[in-house]
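Read on for two forms of one protein chain; each stands alone as structure tokens, with the labels structure 1 and structure 2.
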Structure 1
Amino acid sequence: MGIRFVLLVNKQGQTRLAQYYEYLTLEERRALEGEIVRKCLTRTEQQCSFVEHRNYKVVYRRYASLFFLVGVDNEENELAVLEFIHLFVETMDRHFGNVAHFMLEEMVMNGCVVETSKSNILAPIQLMDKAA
């Protein structure tokens, strides 16, 4: 399994979105998120967008005050994950509604990237929007 979790965390370290693809308890999640954010916050722009943490490799990208963090295992192509984050952001940008979780559900399943066409990702969400 490639992707283990997707996190959105703000500069203050508050989690804004968390989606795990393996089960961690609340305490484990809290500790993990805290440690990773601390680690990423200390890094400079020039340094790699990848950080090893425990047995994860964390690929992160910062947009204004929001950090997007994706935890992957060793086999993953880090650069591609970095771009996956951007794809996620671009897709969110296209749909103003901020339904990040539902989008992620279209894009990642079982820790695998399954859909990368923005229109395909958004179609069900837009339909749901209309129905609501």
Structure 2
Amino acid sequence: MGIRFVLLVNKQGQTRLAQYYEYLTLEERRALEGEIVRKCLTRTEQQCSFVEHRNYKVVYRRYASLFFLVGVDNEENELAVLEFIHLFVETMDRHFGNVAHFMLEEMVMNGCVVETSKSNILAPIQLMDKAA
């Protein structure tokens, strides 16, 4: 099957995104995420980015304050999964990098916060998306 799940987790261990490609109940997902997050976040940078957990091989990488964890079948190539993670991060950065810049411009002017309404901040970005 290949990829079984993708998790994005912050440094505090909170799941920010979870996508599963096999059926697990909500309780099974919570338990799995808790176990894997604890296992991966406690590892040092000197340790490799692959761990085995239950019937999964978990490949992970930290970018800034987010950990990208991908659970795969044991037969999957770890380096290929690391390349997949890197591609995912680069693609999001390319897409959201410009968006983040525009959001910041809407929120701050001359070093002062000028807008705190989420809808007002997102309105020009949504217009750009419609025009594209």
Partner chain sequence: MGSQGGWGQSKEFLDLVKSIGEARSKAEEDRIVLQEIETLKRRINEPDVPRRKMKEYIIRLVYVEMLGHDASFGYIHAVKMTHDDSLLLKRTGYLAVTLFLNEDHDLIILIVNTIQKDLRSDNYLVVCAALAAVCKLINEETIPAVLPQVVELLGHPKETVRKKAIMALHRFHQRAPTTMSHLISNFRKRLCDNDPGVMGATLCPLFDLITEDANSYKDLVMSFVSILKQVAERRLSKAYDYHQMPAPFIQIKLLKILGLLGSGDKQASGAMYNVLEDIFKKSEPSSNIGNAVLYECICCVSSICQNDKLLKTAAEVTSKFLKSESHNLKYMGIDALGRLLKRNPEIAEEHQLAVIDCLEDPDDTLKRKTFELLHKMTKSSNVEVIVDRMIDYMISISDNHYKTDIASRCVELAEQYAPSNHWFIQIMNKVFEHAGDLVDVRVAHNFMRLIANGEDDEGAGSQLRSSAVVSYLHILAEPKLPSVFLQVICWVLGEYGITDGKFSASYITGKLCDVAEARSNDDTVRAYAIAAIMKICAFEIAAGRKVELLPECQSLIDELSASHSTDLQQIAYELQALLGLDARAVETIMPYDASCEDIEVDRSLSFLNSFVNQSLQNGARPYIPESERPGTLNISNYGAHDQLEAPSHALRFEAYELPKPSPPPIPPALLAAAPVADLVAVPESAYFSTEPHQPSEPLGGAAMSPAEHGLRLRLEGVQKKWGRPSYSSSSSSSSSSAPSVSAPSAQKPANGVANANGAAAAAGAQARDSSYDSRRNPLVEVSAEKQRLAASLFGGSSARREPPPAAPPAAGRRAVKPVATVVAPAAPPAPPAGDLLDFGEPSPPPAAAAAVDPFQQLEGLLGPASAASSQNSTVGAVAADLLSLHADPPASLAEISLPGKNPLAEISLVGPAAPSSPVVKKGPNPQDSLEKDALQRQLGVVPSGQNPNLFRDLLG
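Here, rigid core means the biggest group of C-alpha atoms that superpose within 1.5 Å across both forms. For residue numbers, the reference is structure 1: its sequence is counted from 1. The shown structure was predicted, so the numbers you read here are calculated from the model rather than taken from an experiment.
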Quiz item: Since only one of the two is the form predicted together with the partner chain, can you say which one?
Solution: 1
Quiz prompt | Leu17 C-alpha relocation of at least 2 Å between structure 1 and structure 2, rigid core basis | solution = no
Quiz item: Any chance the CA of Leu69 moves 2 angstroms or more between structure 1 and structure 2, core superposed?
Solution: no
Exercise. Taking the rigid core as the superposition reference, indicate whether the CA of Met107 shifts 2 angstroms or more between structure 1 and structure 2.
Key: yes
Exercise. Check the Cα of Asn120 between structure 1 and structure 2 on a core superposition and give its shift in Å.
Key: 30.4
